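Next up: just one chain, as structure tokens, the form predicted on its own.
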């Protein structure tokens, strides 16, 4: 089983990757490109997961080579868990990508990374309500310090597909 770390560039995907894998990594170029991705392994509840730090992307409509590679990696993995890493200070931007991935039917969970920065800026995010609305695990993290990573790991088995119609109804009723 694979866990794909997806999100915008510079949201801390690599820091989350290092925490999940203990930095036991292999860096590779995607075939036919100069775009790098990083691959490693972790064990959760005795089960081995391949973890891939996917190149940063802003949407599922690729605008450059790195974004195309990100979508190719997503398409190549059968039934992966997509861990969408979002900068907590720019949550609305990150949720757009998460929604696009959910629409494609993947199992999703969300790491609200850089949680300490959101707190410094007095941003209030109701994680429980967001999790209820989205229907997927949402975990605040500070990957560089390791805060929230154990909770993230505990929630990997609960990553889920989203009923998009139900989600749209919930959002429009807010």
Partner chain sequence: MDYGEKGVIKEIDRDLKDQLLGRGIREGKTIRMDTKQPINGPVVITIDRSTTSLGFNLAKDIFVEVENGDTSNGPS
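Numbering follows the first chain given and starts at 1. Everything numeric here is computed off the predicted structure, so don't read it as measured data.
Only in words, not in the display: the form predicted together with the partner chain, which the text now covers.
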Open item on the list: Is residue 49 part of the interface with the partner chain in the predicted bound form - any heavy atom within 4.5 Å?
Closed with: no
Open item on the list: So, residue 147 and the partner chain: in the predicted bound form, are they within 4.5 Å at any heavy atom pair?
Closed with: no
- [ ] May I ask you to state whether residue 92 is within 4.5 Å of the partner chain in the predicted bound form, using heavy atom distances?
- [x] yes
- [ ] Give, in sequence order, every residue of 144-167 that has a heavy atom within 4.5 Å of the partner chain in the predicted bound form, or say none if there are no such residues.
- [x] none
